[in-house]
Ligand SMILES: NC(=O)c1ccc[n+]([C@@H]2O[C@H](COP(=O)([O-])OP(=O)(O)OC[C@H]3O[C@@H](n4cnc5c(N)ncnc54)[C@H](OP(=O)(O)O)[C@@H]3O)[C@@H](O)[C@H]2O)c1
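Taking the form predicted alone, here's one chain by itself in structure tokens.
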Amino acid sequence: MTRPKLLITGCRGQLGSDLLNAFADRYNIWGVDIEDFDIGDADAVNDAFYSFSPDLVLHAAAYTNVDECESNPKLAMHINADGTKHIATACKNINARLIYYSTDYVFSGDTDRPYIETDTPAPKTVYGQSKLAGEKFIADILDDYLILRLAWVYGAKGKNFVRTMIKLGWEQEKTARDGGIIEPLKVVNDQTGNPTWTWEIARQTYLAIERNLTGICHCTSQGEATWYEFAKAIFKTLDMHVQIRPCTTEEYPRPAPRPKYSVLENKRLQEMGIDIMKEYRQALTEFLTNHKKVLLPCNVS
């Protein structure tokens, strides 16, 4: 039996690499990344799609550095908006189904309750605006698509909060062992979201495809945390004795404004009875247990 063809963009990123692993048994996969072609180049996208002719596309490629997007809006729009437009157009031309990964940053973060899929987006950052533009292009161009909005994503590859905390915590512990002066890590405690492991997203994507889910869905781990609470959970799980203290957003200024409360509720997945996203602390424990070797200080960047 011939396997259906699957194209994964951003295959070398933290999400793309887990998507490759999750779908390897059932699909003939071609993983592509920036080294292969620029998704902002419509001709390059069309040539690749016509050459491989995928049945399904998982579009995980994105310019995700929120602060750099703020200082380089043209590049953010080139990749996240125009690139997604080109992907959607190519899917339409060859009749391929598209799964697109979006973000909690499409919302303002000014609410005090979890966002559901029907809430009106109002991004405050260039990153959020560029990802929302991608969503709109897809909805305008395609009928058969699924947009999965993610939040606070971490995985075994790439830069993310979990890997950064482990590196900083290990450095602090080393300083303590060497008799040095300890400076507690300052971690923001007034921003709240859903820490979400990439493998969980990959599993949920697989099920959503099997159930022919379309439209927009939120796809995050259950439960919520501040960055400070998330950091404490990481160190507790690893039995690391790290001194941290909570701070405010104002004490840790960044070029791009962060949403104060961007928790997403998987309302559509729950209504359909297919929400398999675990509680974030359970998922975090499994991630740290499964990837200890990768997360050793000598390998954490």
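All residue numbers refer to positions in the sequence shown, first residue = 1. What you see is a predicted model; the values in this text were computed from it and never measured.
What comes next is about the form predicted together with the ligand, which does not appear here.
Engineer: In the predicted bound form, which of the listed residues (37, 27, 30, 235) lies with a heavy atom within 4.5 Å of the ligand?
Structural biologist: Contact with the ligand in the predicted bound form is made by 37 alone.
Engineer: Between 151, 217, 208, 138, only one gets a heavy atom within 4.5 angstroms of the ligand in the predicted bound form; which residue is that?
Structural biologist: Checked against the cut-off, the match is 151.
Engineer: Taking the ligand as it sits in the predicted bound form, is residue 79 near enough to touch it, meaning that at least one heavy atom pair lies within 4.5 angstroms?
Structural biologist: Close contact exists here: in the predicted bound form, residue 79 approaches the ligand to within 4.5 Å, heavy atoms only.
Engineer: With the partner left out of view, is residue 103 within 4.5 angstroms of the ligand in the predicted bound form by any non-hydrogen atom?
Structural biologist: Residue 103 belongs to the contact set for the ligand.
Engineer: Please tell me whether any heavy atom belonging to residue 199 falls inside 4.5 Å of a heavy atom of the ligand, as the geometry stands in the predicted bound form.
Structural biologist: No, residue 199 sits far enough from the ligand in the predicted bound form that none of its heavy atoms falls within 4.5 Å.
Engineer: Can you tell me whether residue 64 touches the ligand? I mean in the predicted bound form, with a 4.5 angstroms heavy atom cut-off.
Structural biologist: Flag for residue 64 set to yes.
Engineer: Out of 37-45, 254-262, 236-244, 272-280, where are the residues with a heavy atom within 4.5 Å of the ligand in the predicted bound form?
Structural biologist: One stretch meets the cut-off, namely 37-45.
Engineer: Let me test this: is every residue among 54, 91 and 96 within 4.5 Å of the ligand in the predicted bound form, going by heavy atom positions?
Structural biologist: No residue of the spot touches the ligand in the predicted bound form.
Engineer: For the heavy atom contacts within 4.5 Å of the ligand in the predicted bound form, list the residues of 117-136 involved, in sequence order.
Structural biologist: Heavy-atom contacts to the ligand in the predicted bound form: 127, 131.
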